[in-house]
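Below sits a lone chain in structure tokens, taken as the form predicted alone.
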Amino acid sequence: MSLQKPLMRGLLAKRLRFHVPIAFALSMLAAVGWKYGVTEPRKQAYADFYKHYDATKEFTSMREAGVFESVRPTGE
């Protein structure tokens, strides 16, 4: 008794018909998960930070700490 020969004709097309929709669905799921799991919380965190951020106050505190070489603190 001999083994049946594998069917090679149309094998790529058959496997692609099966795997391409699965790959597409998984990639869309990953993209949606990344958008709502990473991107949206990050945008919200930036919005919350800059809602209460005062650049002038931050600059004044860094100037008084002596961070800048081109701007002297007000005490000097």
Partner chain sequence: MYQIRRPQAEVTSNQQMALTHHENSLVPHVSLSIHPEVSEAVDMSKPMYWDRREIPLPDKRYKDILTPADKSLKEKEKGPWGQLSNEEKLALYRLSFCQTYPEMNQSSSEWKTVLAGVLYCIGLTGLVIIWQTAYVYPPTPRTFDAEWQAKQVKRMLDMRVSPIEGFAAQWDYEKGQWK
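Predicted model only: the values in this text are computed from it and were never measured. Residue numbers count along the first chain shown, from 1.
Beyond what is shown, the protein has a form predicted in complex with its partner chain; the following relates to that form.
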Would A13 sit within 4.5 Å of its partner chain in the predicted complex, counting heavy atoms only? no
Is the gap between A65 and its partner chain in the predicted complex 4.5 Å or less for some heavy atom pair? yes
Is there any non-hydrogen atom of A30 lying within 4.5 Å of its partner chain in the predicted complex? no
Can you tell me if L26 lies within 4.5 angstroms of its partner chain in the predicted complex, counting non-hydrogen atoms only? no
